[in-house]
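Structure 1 and structure 2 below are two forms of the same protein chain, each written out on its own as structure tokens.
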Structure 1
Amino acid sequence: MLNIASAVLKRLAFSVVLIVMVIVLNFLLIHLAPGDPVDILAAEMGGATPELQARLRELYGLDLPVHEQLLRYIVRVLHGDLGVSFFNNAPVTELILRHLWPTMLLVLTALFFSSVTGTLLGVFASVSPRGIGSAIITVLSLVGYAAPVFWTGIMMIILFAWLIPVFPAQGMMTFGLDGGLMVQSLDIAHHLVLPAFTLSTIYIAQYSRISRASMLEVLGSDYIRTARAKGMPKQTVIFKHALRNAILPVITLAGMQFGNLISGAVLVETVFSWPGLGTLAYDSILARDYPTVLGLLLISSIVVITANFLTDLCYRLADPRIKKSQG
């Protein structure tokens, strides 16, 4: 137990270091980009008066030595101040919080759907390793890997919003719909189907592959043979005994994919005009709204770091065999 605690603390400390490193990277990016930061900022605001430029200089402390600027920047960001978006004329922190929940809804739905579908597919395939299930998984993983996700999304729109119009193609809710909480939730769920499915397509194959491999390993072990010899029903052996032990790699994958899903959500959200962080990132990039872009970069990194940390923790708690050395 003490081992776990010290490993967790070490991990936590490193997570904080990583976050500070991302902040430093943001600072460097803005300073390394060609041109004086204030010129860039002013130009992207659509021109600025000398007074405003002076204010910006003061705001960013650009008259100070670089190391002091960096220090101020770190302190500012650690206080949750990510600057002001020129494009939306609002604090970046506020903008990000506003767009956070649609992305969370989309990403978590996709994560849930792809991990459950993928794992079941993998279990199904592991029962007959050379059967049709395994063949399906091979094809799925080739297609899932090679099809660009934005193209999959567009194909979904053509198929299920145009040829067979069963799902809405754009947005998160019907504009002006008013019918109480129930109706609105159903409306959002209806809008969620295509983007969540599109985002899932990349990952279903990965989950099925990894769960198939780890199930095959577990199914070959002694205790499963014992359970079978005792005459236990097949379903009980597979789902109660084997799956419980084969699920760890799936948890790791889910944790690791979480951060990637946010980055991947940029493309899916753009295709479906889903009003989340991805759309915010796309609009901010096109508008050259650097404070927002860098803020998003930081937030996404923090999400990845947190997800990694939690996965690591889950893993350690779930499987005491993992020693400090492996972390």
Structure 2
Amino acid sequence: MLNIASAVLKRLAFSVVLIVMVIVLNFLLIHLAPGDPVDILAAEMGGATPELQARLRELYGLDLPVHEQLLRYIVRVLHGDLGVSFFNNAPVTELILRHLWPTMLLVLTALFFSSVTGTLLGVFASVSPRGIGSAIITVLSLVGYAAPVFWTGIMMIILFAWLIPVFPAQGMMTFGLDGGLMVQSLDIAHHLVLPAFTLSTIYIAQYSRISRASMLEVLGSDYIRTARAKGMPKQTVIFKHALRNAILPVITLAGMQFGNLISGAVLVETVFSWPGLGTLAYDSILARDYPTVLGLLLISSIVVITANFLTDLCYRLADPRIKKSQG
């Protein structure tokens, strides 16, 4: 237990250092990018005098040297203040919290659906690797992996919102819907189907291929042959003995894919007008809204680092060899 606690503390210290590096790197990259937010603000106002532009730069601290801006930003972040949005005139923390839960709902739904479905398809394909079912799953995996997310989203809208109108094409809720919590939850779930499935397609393919390859390797092991020789039921051999070891690469992939899911959500949210962090990020980047972009990058980095941290813990719990080495 002490070894596990020590490993957790070391990983926490490493995560804190990594977050500080992310803050500095994000700040420098944003300020090296072309474009001046004051020019865009002036354009939104229909024009501004040089004196007004100078006052705006002073108001937002953009007239200071970059290293002073960076120091002020780090101090604010340490106090939990991510600044004020240039264009929304609202605290960045408030904006992010407002858009965070739709994105997390979309990403976690896609992660759960893709990992479970992909793993089950991979297990099914590994049981009869030369059967027609395995061939169909392999072909669909290749198609799903090769298809761009935005193309899949457009096809889903054409098929299931226009030709067969069973799901809404845009938004998170029906405008003006009146009802209780249950009615609103069902309406959100109805709107969630197409974006979550679109975001899942490429990852279902990856999970099925990884789990299929891992299961084929495990099913050829000596202890599996021994279990079969003892007359154990086929389902027990597959799901109790083989899947437990074969699931380790899937856990690793799930942790690594969490960040990709968030970045992929930007495209999906744009296609389906889903009011999440992706839509906020897209609008903020176009407007050169530095505080909002930096806040989004910081929160996304923290989420990804936390997901990797939890993945390591799950890996230690799932792999008996690591538990044994930890005493």
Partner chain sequence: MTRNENHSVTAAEQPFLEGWRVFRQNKAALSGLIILGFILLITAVGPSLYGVDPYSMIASPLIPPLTNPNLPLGTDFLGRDVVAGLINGGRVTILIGCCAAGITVIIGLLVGAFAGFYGKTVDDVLMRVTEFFQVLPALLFAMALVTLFSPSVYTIIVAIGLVVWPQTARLARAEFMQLRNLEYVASAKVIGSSNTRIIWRVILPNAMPPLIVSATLAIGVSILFESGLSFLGLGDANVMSWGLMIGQNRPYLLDGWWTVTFPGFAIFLTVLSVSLIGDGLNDALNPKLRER
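Numbers follow structure 1, counted from its first residue as 1. Rigid core (definition): largest C-alpha set, two forms, superposition within 1.5 Å. Since the structure is predicted, the reported quantities are computational estimates derived from the model, not experimental observations.
Between the two structures, is it 1 or 2 that corresponds to the form predicted alone? Only structure 2 matches the form predicted alone.
Superposing on the rigid core, does the Cα of residue 144 end up 2 Å or more away between the two structures? It does, since the residue 144 C-alpha is displaced 2 Å or more between the two structures after the core fit.
Residue 90 C-alpha shift between the two structures of 2 Å or more, rigid core reference: Comparing forms between the two structures, the residue 90 CA shifts below 2 Å.
My question is whether residue 69 is one of the residues whose C-alpha shifts by 2 Å or more between the two structures, given a fit on the rigid core. Yes: residue 69 shifts by at least 2 Å between the two structures.
Rigid core superposed, residue 29 Cα shift between the two structures in Å? Shift of residue 29 at C-alpha, rigid core superposed: 2.9 Å.
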